[in-house]
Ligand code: ADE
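Just the one chain here, the form predicted on its own, laid out as structure tokens.
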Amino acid sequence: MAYALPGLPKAELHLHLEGAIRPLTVLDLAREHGVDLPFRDLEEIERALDFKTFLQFLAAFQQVNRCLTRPADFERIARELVEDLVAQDVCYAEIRYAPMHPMRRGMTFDDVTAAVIAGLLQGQREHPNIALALICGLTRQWDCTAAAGSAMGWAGRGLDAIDIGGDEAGFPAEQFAGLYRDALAAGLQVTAHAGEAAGPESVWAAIRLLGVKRIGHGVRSVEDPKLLTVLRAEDVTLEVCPTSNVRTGVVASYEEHPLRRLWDAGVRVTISSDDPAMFRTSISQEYEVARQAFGFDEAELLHATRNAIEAGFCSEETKRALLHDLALPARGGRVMLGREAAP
């Protein structure tokens, strides 16, 4: 695959492991495990991914998940994802995985989590110039109690944060306020999907009831000027995924997407690919979309990289090292490219 914007350091905060599986790996695992998927070759996968709504996307996501039948599969796809990120000049990425899906198929939280961590560590050993963090993605419409409790036991052992995704409108934030308080007390950091399939009220609830400083998507915040003021004042970061929002019908087109309006309003925005294999995109292509569809110049793209690093769930030491290595100063300073910073 030829990637856009080669050499430009990139970082993404909103990346689903199971939505990033290479199509060939999906077919390979399905054959290996005898899983009868509704597609048999790359052409049929392409047709299956031609969805128009968020519900169609969820159905395709669940079909792909069926090929993951043992923990070793998660180790493989985690390692391959690191390889794909490094090929795109990604210096920092946060991977979120969805253990509740394999748990419903008989696997344990601990086995899946250990496998994902092993795959990421193997990828890092082979490519030591990328920093990573790991997020446990919970599903709103299922009972999250067991998975959340298990996640807390992995705090400080390779798991950095939790997230909640799924049906925002049907399962609002107040149902998970206690769970989030417990996760924070256990040492996990927190983010939440909001302002994607529901409006600004979902973002308000995530901030006020769940205590998050990061919002997955959050694009519908643009509908509420008071909310934009709060996002700026409280330094809340939006994990924006433009192509995802277009493909799932959150917005009708790039022209209607609020990325540029959020950026110009002074909200801390980052750029991510969400489920790149499902949406036939990549983080490099999302940076290219920001350049071509929204007029971002190179300095703004580097600013987005810096935003992601500063808002990341990695350690402060890792953040300082990344900003130093990339010659990306703290906010307010001039962004220098590596070639400019070289002695």
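This one's a predicted model, so the numbers in the text were calculated from it and none came from an experiment. One-based numbering along the sequence shown.
What comes next is about the form predicted in complex with the ligand, which does not appear here.
No residue of the trio E12, E94 and R268 has any heavy atom within 4.5 Å of the ligand in the model of the complex.
Among residues of the shown chain, V35 is not one whose heavy atoms approach the ligand to within 4.5 Å in the model of the complex.
Contact between L58 and the ligand in the model of the complex is found at the 4.5 Å heavy atom cutoff.
Shown alone here, E196 lies within 4.5 Å of the ligand in the model of the complex, counting heavy atoms only. Although the partner is absent from this view, E286 stays clear of the ligand in the model of the complex, with no non-hydrogen atom inside 4.5 angstroms. Here the chain stands alone, but in the model of the complex its contact with the ligand, taken as any heavy atom within 4.5 Å, falls in 158 to 166 among 201 to 209, 225 to 233, 158 to 166, 67 to 75. Site annotation in the model of the complex: the residue of S272, T191, S244, S221 reaching within 4.5 Å of the ligand with a heavy atom is S244. Counting a residue when any of its non-hydrogen atoms is within 4.5 Å of the ligand in the model of the complex, the one hit in 214 to 235 is H217.
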